[in-house]
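Shown here is one chain on its own, the form predicted on its own, set out as structure tokens.
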Amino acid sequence: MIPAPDLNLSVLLPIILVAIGSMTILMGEVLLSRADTVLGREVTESFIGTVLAGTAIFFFALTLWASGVAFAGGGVQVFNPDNPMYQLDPFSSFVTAVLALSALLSCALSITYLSELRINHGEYYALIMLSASGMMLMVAAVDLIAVFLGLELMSIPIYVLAGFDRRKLRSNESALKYFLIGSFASAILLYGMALLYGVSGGTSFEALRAGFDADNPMALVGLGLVVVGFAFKISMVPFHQWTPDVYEGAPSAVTAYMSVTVKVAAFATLIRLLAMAFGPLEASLETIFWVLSALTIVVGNIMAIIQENVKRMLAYSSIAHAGYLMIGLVTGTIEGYSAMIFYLIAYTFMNLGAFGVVVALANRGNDCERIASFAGLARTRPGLAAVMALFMLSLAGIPGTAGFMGKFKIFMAAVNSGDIWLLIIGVLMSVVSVYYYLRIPVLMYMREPEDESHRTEIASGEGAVLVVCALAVLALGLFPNRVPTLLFGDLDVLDWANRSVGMFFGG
């Protein structure tokens, strides 16, 4: 008789909480839609959407707490010791907490925006939670099979979310483009994984590290296909063409969510894969990552200059930031990986905040997309103009903001590893980026308002998200080592980033 495996279900707690939340939302929508009143309040479509969004926020908050407890406890917990495919360790628990916080803020940002579009349905928040569970599986996976399962669980709900506004042709077009290109990238990635399995005899990261033969052409082809598959997901040049179209066509709340969470999950998974499975090949991969990083930085920044649509500009901006993040992979050091994690946290707040302003300005389902539409915003909506200026300054890397500190850490890692030319390219392109980022503050504060019908009031959820993002951008820029808070004391974000990647270097 085969003994039952000794499974540690507590390792899956973050994913279980998110999965339960998604099922609760789907069942809750069915039950609420059949009721006339709840606690004396009339049940309307807007009321149902708000309740379900609150449910999603509650479960993401629980996931954030569970991940934080796991990170504080340290150590490595494996779901199935006999066949390790998923483990909760300082790295996965910390990144899971970042993903949970990002998704929580995205849900709060979506409530009023979706209500105005008349698409504030429960499946939206269920899809958010299902995609987040896939991301959490990816970052904790130590086996290629688990990585691919997490990747698909992340991607398929986002394909649907990109076309969630079914009445708009460009939203449908966005979803179809993302689905076709994403499926193509998944096929490339899966074929690469199959080749790696063929040459190493296993799919676990440990088996790959032990059995990979760098002199075998099939092994190199497999590794190259895996890198290409991830390059599509994180919008590295020349695999970036889908990004501006999808960002522009998807509902702004969806774009805000996918622009930060997909990047965090994909880069974190790539860090774990390289550190645990292909560590001996870091020198061989350095040249490939160097070229991809330089191309991504240059193309992203140059193309952003000529954009007149703010969502397309932010799309090319995200491509450029992917290039900056790639510098950490080029270094292959604990300093570089730690800088990447810190940069991803900073990027989450400043990019989510920038898209949050776009969402807050949307009126009756019409997005404020043209850069020219921001003219004179400081006179009509001074609060939104102030936070948008802050996010633009941070994305440009101006001192005193999280964006500057993130770039500083990445550039210092490049200096210490001897990648001076890549550093020069990064610095020069950062100077170029100041032009297109400062276009918006200049328009807001130095031009007369156009006849644009912006929404005159900001919803409480949108306001809370913008305040959190603005405070985080300032705190991480001014106090990166110890972020002061009223409820949680000083938060050692840089130290947490170092601890999370230290496990890959024996720390």
Partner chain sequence: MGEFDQHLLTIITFFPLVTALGLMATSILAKLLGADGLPASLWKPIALASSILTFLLSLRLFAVFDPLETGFQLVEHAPWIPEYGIQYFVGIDGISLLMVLLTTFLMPIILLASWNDISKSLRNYLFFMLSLETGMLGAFVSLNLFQFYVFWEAMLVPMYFIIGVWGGPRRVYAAVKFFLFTMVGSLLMLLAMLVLYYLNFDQTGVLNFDLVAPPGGEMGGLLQTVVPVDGIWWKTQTWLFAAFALAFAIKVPMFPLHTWLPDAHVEAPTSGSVVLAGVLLKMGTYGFLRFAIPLFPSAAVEFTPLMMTLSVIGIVYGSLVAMVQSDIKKLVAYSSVAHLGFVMLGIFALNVHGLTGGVLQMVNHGLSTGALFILVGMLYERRHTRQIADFGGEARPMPVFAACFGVVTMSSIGLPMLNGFVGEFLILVGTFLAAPIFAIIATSGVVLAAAYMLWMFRRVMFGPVDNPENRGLIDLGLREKVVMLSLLIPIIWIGVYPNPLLRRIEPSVIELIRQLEVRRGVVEVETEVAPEVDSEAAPEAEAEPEAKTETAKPDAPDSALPDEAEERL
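All values reported here derive from a predicted model rather than from experimental measurement. Positions refer to the first chain, counted from 1.
From this point on, the text means the form predicted together with the partner chain, which you will not see here.
- When contacts are defined as a non-hydrogen atom within 4.5 Å, none of 108, 149 and 190 contacts the partner chain in the predicted complex.
- Looking at 434-442, 462-470, 42-50, 55-63, the stretch with residues near the partner chain in the predicted complex, meaning non-hydrogen atoms within 4.5 angstroms, turns out to be 434-442.
- Taking a 4.5 Å heavy atom cutoff to the partner chain in the predicted complex, the contact residue among 212, 290, 179, 411 is 411.
- Out of the listed residues 415, 76, 207, 194, 415 is the one that sits within 4.5 Å of the partner chain in the predicted complex by at least one heavy atom.
- The partner chain in the predicted complex is not approached by residue 168, whose heavy atoms all lie more than 4.5 angstroms from it.
- At a distance threshold of 4.5 angstroms between non-hydrogen atoms, residue 382 is in contact with the partner chain in the predicted complex.
- Residue 86 falls outside the set of residues with a heavy atom inside 4.5 Å of the partner chain in the predicted complex.
- For residue 481, a non-hydrogen atom is located within 4.5 Å of the partner chain in the predicted complex, even though that partner is not displayed.
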